[in-house]
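The chain below stands alone, shown as C-alpha cells; this is the form predicted on its own.
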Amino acid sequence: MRYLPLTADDRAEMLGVIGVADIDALFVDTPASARLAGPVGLPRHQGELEVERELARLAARNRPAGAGPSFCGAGAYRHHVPASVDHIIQRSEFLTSYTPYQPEIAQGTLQVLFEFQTQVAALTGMDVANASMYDGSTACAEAVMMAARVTRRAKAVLSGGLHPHYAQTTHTLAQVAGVQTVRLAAKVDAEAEVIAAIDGETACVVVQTPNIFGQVTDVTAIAEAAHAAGALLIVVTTEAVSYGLLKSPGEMGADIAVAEGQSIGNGLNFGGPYVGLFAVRDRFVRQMPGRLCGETVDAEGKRGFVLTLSTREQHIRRDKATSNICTNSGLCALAFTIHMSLLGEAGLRQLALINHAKARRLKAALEGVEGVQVLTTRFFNELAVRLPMDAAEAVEIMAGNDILAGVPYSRLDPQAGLDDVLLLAVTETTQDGDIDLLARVLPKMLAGKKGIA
C-alpha cells in the first residue's frame, strides 16, 4: 500500500521495541471521553469521484458566516480582509518558503518576521514579541509554562472570564508539566475574585480583556496584586482589533501578553489555521518560547536579519529548550503583517471605532427586547445576554430562520450552569439591517413562534 506501507509484523516489531502490547497503549494519556469507540462513520474507501461528491455533500450542510446575518464571535471573528492580502501572500517567495535556517538565502522571510514582531510589540505595548505561535490558546498555555519557569512556582490562577477553550488547553499542557491550574468560576466581571485568589505560591495570573463575555477590564489593579505576591500577570486578548481602541496589556502592567491574531488578515477558515501573538517584557526574553528574529549586520556592515536565541526550540541545545514548539504560523503571520501595514495606526483605530459603534447599536437593540438582559456593561464589539430560555435552543431556532444569532456559552463550557447565556459579536461586516432584523425576530422567537422569518 502506497500510504500505509507497514505490515502487521512491522507494527508488532515496533510495539515490541517500545514495550507496549498494542496501539491503544500509546494513547493511555488521552482521556477516554476524547477517544472514539470505533472508526469514524465514513466508507472505508471510495473512488476519487465518489469522495469528491461526498465531501461536497457534507460541505453543503455548512452555513458560511457570510451567507447572511451572523453574530458569532467567542474568539473567532468575521472581519473584512482586503483582496490585496491574499494576492501578496501567494507570491512564490512567501508561499513556498519554509524555515529560514540559512539567513543568507532567507532575508525576505526573516524581515517579514521581524516586521511582524515589531507590529505585535507595538500593539501589545510590550518590549519584544516572537515570530508567532500556533494560535491564541496554545500561546496562553505556553505563557503559563514560561511564568512557572521564571518564578519557579507551580500554580496558575485562571480568571473566570478566560475563554473556556483557552483554560482547557492550558490545563492540558500544565498538568503534564506539573503546574497546577486554579480556574475560577465563570463570571462576567471577575476582578475581585482574581485578586482574592492570589497567594505566595502563585506563579501567574491569567486574565482576558475583553473577556469571553465581552467585558472590558482595566487589569492594572490585578497586575499590582500579582506583582506584590511575586507572581506574573498574563493578559489574553482574543479580538486583536480591540488593540486599536483599548489600553494595551503593557500599559496595564502585563508581564506577558498573548492573543489570537486571526482578526487581522485572516478569515474564519473553519477554525484554523490561526496565528498566536506572544510578547513579553525584555527581562524575560530568554524564557520566551517560539522563534525570535533579530536585526544584525553582515560581514560588509549591511543590515540583515537572523533567528536569535535559538536554544528556545529544536535547535543546537534542544535539551535546554524553553518549549517543544518548533515552528510558527508563518503564512498567517504574513497575512497579519500585510493587513496591518495596509491599515496603519489610523486605519486600525478607525476600524476599532466602527466595531464599537456597531456593538453600541446592538446593545441598544437588545435592551429593547422584553425578557432579554444584557450582562456586559463595558464592551468592545461583543456582548453577553441572558435569555428567558435555553440559549442553544434559541440559536437553533434562529439558524432555521437564516440568522446565526451567536454562540451559546454552554457550548464552550457545558458545566458552568449558564445555559441561558448567549454571546453575540458584531464587526464592520455587520450591517445595520442585520441588527434590525435580529431585534424584530428575537421577540417573536421568545414568544414561541418558530416560523419567524
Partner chain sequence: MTMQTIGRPTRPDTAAAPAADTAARGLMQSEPLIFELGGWSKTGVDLPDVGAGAADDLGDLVRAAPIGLPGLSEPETLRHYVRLSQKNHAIDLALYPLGSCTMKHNPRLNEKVARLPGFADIHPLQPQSSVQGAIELMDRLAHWLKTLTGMPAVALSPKAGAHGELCGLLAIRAAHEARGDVRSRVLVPTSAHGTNPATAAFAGYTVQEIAQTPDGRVDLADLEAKLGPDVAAIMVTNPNTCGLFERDVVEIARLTHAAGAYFYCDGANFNAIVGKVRPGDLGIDAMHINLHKTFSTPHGGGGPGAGPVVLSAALAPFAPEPWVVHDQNGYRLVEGREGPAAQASGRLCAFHGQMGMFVRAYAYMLSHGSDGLRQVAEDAVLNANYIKARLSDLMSAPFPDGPCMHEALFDDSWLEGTGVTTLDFAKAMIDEGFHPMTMYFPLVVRGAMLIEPTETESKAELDRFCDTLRGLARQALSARNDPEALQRFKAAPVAAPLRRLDETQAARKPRLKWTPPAAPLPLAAE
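Only a predicted model underlies this, so the values are computations on that prediction, with no experimental measurement involved. Positions refer to the first chain, counted from 1. The term rigid core refers to the most C-alpha atoms you can superpose between the two forms while keeping them within 1.5 Å.
Not on display, but discussed next: the form predicted together with its partner chain.
Chemist: Taking the partner as it appears in the predicted complex, which of 366-374, 153-161, 137-145, 186-194 has residues with heavy atoms within 4.5 Å of its partner chain?
Modeler: Result for this chain: 137-145.
Chemist: So, in the predicted complex, is residue 13 in contact with its partner chain at a 4.5 angstroms heavy atom limit?
Modeler: Although its partner chain is absent here, residue 13 would touch it in the predicted complex, with heavy atoms inside 4.5 Å.
Chemist: Does residue 304 reach its partner chain in the predicted complex, with heavy atoms at most 4.5 Å apart?
Modeler: Yes - in the predicted complex, heavy atoms of residue 304 and its partner chain come within 4.5 Å of each other.
Chemist: Does its partner chain come within 4.5 Å of any heavy atom of residue 347 in the predicted complex?
Modeler: Residue 347 belongs to the contact set for its partner chain.
Chemist: Might residue 114 be said to contact its partner chain in the predicted complex, defining contact as any heavy atom within 4.5 Å?
Modeler: Answer yes; at least one heavy atom of residue 114 falls within 4.5 Å of its partner chain in the predicted complex.
Chemist: Going through 13-52, which residues have a heavy atom within 4.5 Å of its partner chain in the predicted complex? Please give them in sequence order.
Modeler: Result: 13, 14, 15, 17, 18, 23, 24, 25, 26, 27, 28, 29, 30, 31, 34, 35, 36, 37, 38, 39, 40, 41, 42, 43, 44, 45, 46, 48, 51, 52.
Chemist: Would the C-alpha of residue 400 be classed as shifted by 2 Å or more between this form and the one not shown after rigid-core alignment?
Modeler: Moves: no, less than 2 Å.
Chemist: Superposing on the rigid core, does the Cα of residue 440 end up 2 Å or more away between this form and the one not shown?
Modeler: Shift of 2 Å or more: no.
Chemist: Against the rigid core, is the Cα displacement of residue 43 between this form and the one not shown at least 2 Å?
Modeler: Comparing the forms between this form and the one not shown, which are aligned on their rigid core, residue 43 does shift its C-alpha by 2 Å or more.
Chemist: Regarding residue 325 and residue 36, go with closer or farther for their CA spacing in the predicted complex versus this form, the difference being 3 Å or more.
Modeler: Those two alpha carbons end up farther apart in the predicted complex.
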